[in-house]
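Encoded as structure tokens, the following chain is the form predicted on its own, with no partner shown.
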Amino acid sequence: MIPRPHIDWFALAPMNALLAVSAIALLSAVLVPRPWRKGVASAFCALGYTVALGFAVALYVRSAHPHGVVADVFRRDRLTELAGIIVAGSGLLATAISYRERWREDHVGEYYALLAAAGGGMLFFVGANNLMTLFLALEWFSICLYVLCAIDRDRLGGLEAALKYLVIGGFGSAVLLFGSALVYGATGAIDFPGIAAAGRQHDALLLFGLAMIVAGLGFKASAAPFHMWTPDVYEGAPTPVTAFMAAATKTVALVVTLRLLITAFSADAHVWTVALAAIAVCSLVIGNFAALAQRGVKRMLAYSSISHAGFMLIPIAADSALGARALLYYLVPYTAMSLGSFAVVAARERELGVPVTFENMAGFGWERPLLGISMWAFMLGFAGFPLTGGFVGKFYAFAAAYRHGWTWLVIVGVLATLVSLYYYLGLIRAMFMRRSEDLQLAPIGGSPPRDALLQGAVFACLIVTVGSFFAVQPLIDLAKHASSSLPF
């Protein structure tokens, strides 16, 4: 008899739920009549993310004692489940944002199938416990995102974005795979605990492999200098896809970076902490100064995403339990702010039928008060103002760096925040202090389209953005329990 590993099906339930609805949505593209196809596919996608969210919450509650799943290639612990909650919530909101998107609906069933499949790959990615599982899960959701960027064939910018993402993302994956091979050659292990137990921390081959793995993950996290694809892809992809990528992809990339470095390369912390601090500084400088010159809102948000990658790499570079808690807390309001801001951009695009710029956002705050006030809150949250979770997230990240002894990194972060005020407050000024009549703008059809699902998603993001400031302690407790899964 061949021994078979025990499989914890409950731990795999979130991924299986999304894979199941992905298959159903794909079948709906063939079996369901065209008038019903969009409603059926989107309903199943939303149902899948809702079920995955429920399973992730249940697993978080019942995963007080971490353990491996399927021969320890996948890790069931609270870190995996907290990241799963964020991804599932992001997918559910992205489904709502997508429903009224203006595009040809020839492939709407495939769109929701890929959206669900991408979420399943991300959930598997955050729980990866060896380098092979990590790479396979990375390719799983990356291929889905490549296709999603080009799903609207009438959008030339989307086709260009998909091609750039495919080429540069493929290069990043190749760098990650080559680095993994070097690590395996140096240690003879691919599982994270086995790499740490090999005790080869001074091996040049291992360090070179580690550098390539960090670079590969940097591509997915949109961290400079590995950010080249981000502005063009964020700008060219359909806005709901951009929202999902900005929130979910960055979340899983940073969580996996935290798990991998702490679990497998703790003995080399003196090397990778300095490297991450340098990458964080590059991201802060390039992201903020490049954003100053942007007039398109999506492109400005893309550079803002690069900047925030730098802010969230600071607590990882601190190499401490406090830093892990800071990152996990920061991800909650950041995800809400990213989804919400791109949802507001999607609403404006549907009104005007043209790319959204600072100029044509004039008067938007008065025309659409809910969306305008929400965008105002998201921009203040990105800038780190009080009464938003962004303030606590940045403060917590700086506290981790200060405790590590990197006062200079805190100073760089504060200066970067001051620079970012120019473009965040500039968008607020355009929405509330300029009149749309001055630009002679007219919505498509004469009046803004009603989109209850998008407005509901924006309102949910607003609640999380502001609520995370007032519910700091419960979220800190969640982050503390999740970070206890790591061997600090």
Partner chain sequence: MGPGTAWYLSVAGFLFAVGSLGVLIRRNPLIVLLSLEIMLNGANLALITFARHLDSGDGQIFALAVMAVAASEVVVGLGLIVALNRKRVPLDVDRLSSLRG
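As the structure is a prediction and not an experimental result, all values here were calculated from the model. Positions refer to the first chain, counted from 1.
If you look for the form predicted in complex with the partner chain, you will not find it shown, but the lines that follow are about it.
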- request: Tell me, please, which stretch of 292 to 300, 335 to 343, 246 to 254, 413 to 421 lies within 4.5 angstroms of the partner chain in the predicted bound form when heavy atoms are compared?
  value: 292 to 300
message: At 4.5 Å by heavy atoms, is each residue in 164, 175 and 190 next to the partner chain in the predicted bound form?
response: yes
Residue (of 72, 139, 367, 203) lying close to the partner chain in the predicted bound form, criterion heavy atoms within 4.5 Å: 139
message: Can you work out which of 285, 143, 321, 278 has a heavy atom no more than 4.5 Å from the partner chain in the predicted bound form?
response: 143
query: Can you check whether residue 270 is within 4.5 Å of the partner chain in the predicted bound form, heavy atom basis?
result: no
query: Wondering, does residue 360 line up within 4.5 Å of the partner chain in the predicted bound form on heavy atoms?
result: no
The partner chain contact in the predicted bound form: residue 207, any heavy atom under 4.5 Å: no
query: Taking heavy atoms and a 4.5 Å cut-off, does residue 180 contact the partner chain in the predicted bound form?
result: yes
query: Can you tell me which residues in 236 to 254 come within 4.5 angstroms of the partner chain in the predicted bound form, by heavy atoms?
result: 236
